[in-house]
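A single chain comes next, written as structure tokens; it is the form predicted on its own.
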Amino acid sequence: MLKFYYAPWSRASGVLYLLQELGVDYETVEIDIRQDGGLPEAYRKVQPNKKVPAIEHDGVVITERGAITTYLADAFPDAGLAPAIGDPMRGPYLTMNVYCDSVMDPCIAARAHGLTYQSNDYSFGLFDDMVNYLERCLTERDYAAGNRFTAADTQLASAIGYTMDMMKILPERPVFRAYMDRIAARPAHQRSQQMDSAAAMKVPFFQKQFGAKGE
């Protein structure tokens, strides 16, 4: 049994996309991370910081997007989303899975909150270095790890799409737009976007923000 702890329009959205690409059965546990008063303390048994995403597979809990992505792609190899050990793409694949969590995400958060700092002040380095690295990667190759789609693309595309188109923090560069166009053509991406938006409109926070009525 695979259980997915999820909140729409959050860091869990990339894992939702991954699950659609994998095409596996799973149970969704919706977590309202935006509820008044915050999440109950009991949820820390699943995720120590009361965040999403998290998964539970056969009784084992896995947190952090990079770990979840690597785990799921290896656990369901029939989907062909994880380069095998020995494949030259395995290194870039693992790198990008971790980079989205450990560098891109904190760089975006720091920029969003107006944090100014020197490169050596924080382990994740500078925003401009992150942007230039992603631009170089997607100039040299069509996808996150090489010339074919992998599970790492579910995380990179989710991050680029959200931070460039919704947050308006990642600068829109032609190579990013071309990459997102390739991703947008994938049926699993289209499904996950529709599912994520539909779920968001059932959350009280977004109902207030957009004037939507719950179903």
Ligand SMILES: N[C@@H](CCC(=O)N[C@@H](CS)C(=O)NCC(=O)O)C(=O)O
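Counting begins at 1, following the sequence as shown. These numbers come from a predicted model, not from an experiment.
Another form exists, predicted in complex with the named molecule; not displayed. Remarks below refer to it.
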Contact flag, residue 180 vs the named molecule in the predicted complex, heavy atom cut 4.5 Å: no
Using 4.5 Å between non-hydrogen atoms, is residue 189 touching the named molecule in the predicted complex? no
Looking in the predicted complex, any heavy atom of residue 64 within 4.5 Å of the named molecule? yes
Residue 55: heavy atom within 4.5 Å of the named molecule in the predicted complex? no
Partner-proximal stretch of 46 to 54, 22 to 30, 142 to 150, 168 to 176 relative to the named molecule in the predicted complex, 4.5 angstroms, heavy atom: 46 to 54
Sequence-ordered list of residues in 6 to 30 near the named molecule in the predicted complex, where near means a heavy atom within 4.5 Å: 10, 11
